[in-house]
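Here we start with a single chain on its own, the form predicted alone, put down as structure tokens.
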Amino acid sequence: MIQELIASTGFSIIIVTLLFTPLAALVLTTLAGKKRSIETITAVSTFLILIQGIILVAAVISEKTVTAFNGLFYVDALGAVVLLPITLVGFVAALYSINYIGRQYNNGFIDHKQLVRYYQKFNLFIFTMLLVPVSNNLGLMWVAMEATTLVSVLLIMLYVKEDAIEAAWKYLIVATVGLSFAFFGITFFYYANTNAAASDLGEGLNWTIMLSNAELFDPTIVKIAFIFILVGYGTKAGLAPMHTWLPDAHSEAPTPVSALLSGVLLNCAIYAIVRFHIISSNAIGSLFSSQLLIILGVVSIGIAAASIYFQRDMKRMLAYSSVEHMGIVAFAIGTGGLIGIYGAVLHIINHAIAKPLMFFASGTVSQKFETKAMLHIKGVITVMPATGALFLLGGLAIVGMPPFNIFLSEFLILSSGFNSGQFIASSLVILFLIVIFASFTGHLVRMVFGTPRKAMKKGDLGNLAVIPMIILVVLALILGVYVPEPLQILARDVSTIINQGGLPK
């Protein structure tokens, strides 16, 4: 049925409708006056985006590559791996927003204008993230990444509080400076491409064209260009030491936005790095870019371990956990090989499931306890039985406890690290992960169990606060014991793209 739909509509229509849907939702939320109408429009829109995303991913699995508009848009297995979590997390975040933002509205923390602005920016944020993995033109991809910054800044400062505004400005400045470095990197790669082959501006910026010419690039220019790319997009990905904006921004943003920032936006930046890693590997071999990725990956995990150990704020702890997991993905891409890339693909998806789950749980807990300070949060499972149980399960998943999904991907990645001869780096990663496991679990247990510090009314905060978490917990458990065949195909195809430095066959 999916193949018939693809054949009847064409790839161009699929991509256009995918990108058009959040823009249409943006217009409709602006025109709709009532709160319930705005929430329904966004929920329906994100559900349609999820369905369209699944259709596009199915096309990629079948056809290996999907192109549209003379190569302006291009989706392969690598793009599909990033696209799928955007559509999934976007949908569950929209469901969760109905309860979370609705409660903020009912309690007077935001007014109707802020409610409308939230859903306007939410839909626009989804659009900008969708544009990243479908763009073949690297200049367009950079514009999309910059647009995600501008839109998410407005979402972070939704509450117009001093801390939120400060975090938003810090994020804007650091991320924009980082993306300026990425722009210089793209310029260097374009210069190498135009020197190697006669290409106009449009074609010269296409990833597929650049990849086909990569063997002719000047090695010195490629090395300089990739360093700019790694620093630039690494800043947006939250890789240390360029991660300084991330804890502030993620902790101050509304919880559904934190889930999107941490669960999927960071993946978009990692995706951009990997695209240039492939070009660099074709041009000068993989050693240079791989070693840089391994170094930044290990440093990121180490800094996250120290930060989580000393952390006292629940959402900031989750933000540093994102630094850790982006470091793990960078380490996996750097080690390479079939097992390493397979593990990286699974980890991108696994983190995109487990981290929004934890942000949703923490957001509900902080609303109930009226604080993000872990010291003042005790006995969650007593006060909120369903949320407390899901909070505990999500925490076990995010630290890599079997049988949850992250355990499987981390096991594959560490196996790849030792198989590739990276004994010191892999040993350091294990050491840091042990520290993170002990620290995070200690914080989690103290919050979930124990006696609440004050008398509280028992009960969860509504079905729409719990249902999105249940969906994610189920997915985390399933992917911990079974990897569906479509995901296996995508992982193998991504391994071919990265390890063989070419287009999937």
Partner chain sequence: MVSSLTLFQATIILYSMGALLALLLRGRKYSNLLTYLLPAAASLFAIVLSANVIFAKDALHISITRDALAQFGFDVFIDGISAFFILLIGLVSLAVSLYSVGYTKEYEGRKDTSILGFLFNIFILSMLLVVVSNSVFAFLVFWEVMSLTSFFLVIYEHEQEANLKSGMTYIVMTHLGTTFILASFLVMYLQTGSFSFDAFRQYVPFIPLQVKDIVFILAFIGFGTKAGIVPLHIWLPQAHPSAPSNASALMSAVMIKTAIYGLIRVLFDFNSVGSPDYTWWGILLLSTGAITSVIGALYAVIEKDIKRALAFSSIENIGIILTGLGLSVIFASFNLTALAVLALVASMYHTLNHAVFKSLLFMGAGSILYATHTKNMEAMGGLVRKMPWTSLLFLVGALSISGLPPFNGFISEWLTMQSLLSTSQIPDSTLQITIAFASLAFALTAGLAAAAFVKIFGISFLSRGRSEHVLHAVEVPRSMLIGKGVTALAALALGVLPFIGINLITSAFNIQSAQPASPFDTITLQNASGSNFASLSPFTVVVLLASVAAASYGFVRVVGGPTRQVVYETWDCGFGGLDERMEYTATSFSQPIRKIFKAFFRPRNSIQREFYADSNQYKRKTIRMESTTRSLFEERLYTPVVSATIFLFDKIRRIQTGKVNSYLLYILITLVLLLVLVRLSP
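Residue numbers count along the first chain shown, from 1. What you see is a predicted model, and the numbers here were worked out from it, not measured in a lab.
The following text describes the form predicted in complex with its partner chain, which does not appear among the structures shown.
**Q** Find the only residue in W207, F228, F369, F127 having a heavy atom within 4.5 Å of its partner chain in the model of the complex.
**A** Checking each option against its partner chain in the model of the complex, the one that comes within 4.5 Å is F228.
**Q** Just to be sure I understand the contacts: of I110, L392, I98, L211, which is the one whose heavy atoms reach within 4.5 angstroms of its partner chain in the model of the complex?
**A** Only one option qualifies, and that one is L392.
**Q** Pick from 410-418, 260-268, 329-337, 81-89: which stretch has a heavy atom within 4.5 Å of its partner chain in the model of the complex?
**A** One stretch meets the cut-off, namely 410-418.
**Q** Check H376 for me: does it contact its partner chain in the model of the complex (non-hydrogen atoms, 4.5 angstroms)?
**A** No, H376 is distant from the partner.
**Q** Contact between R316 and its partner chain in the model of the complex at 4.5 Å, heavy atoms?
**A** Result yes; R316 sits at the interface with its partner chain in the model of the complex.
**Q** Please run the contact check for Y105 against its partner chain in the model of the complex: heavy atoms, 4.5 angstroms, yes or no?
**A** Outside the cut-off, so no.
**Q** So, in the model of the complex, is S62 in contact with its partner chain at a 4.5 angstroms heavy atom limit?
**A** No, S62 is distant from the partner.
**Q** Within 4.5 Å of its partner chain in the model of the complex, which residues of 292-309 have a heavy atom? Give them in sequence order, or say none.
**A** Heavy-atom contacts within 4.5 Å come from L292, I303, A305, A306, S307, Y309.
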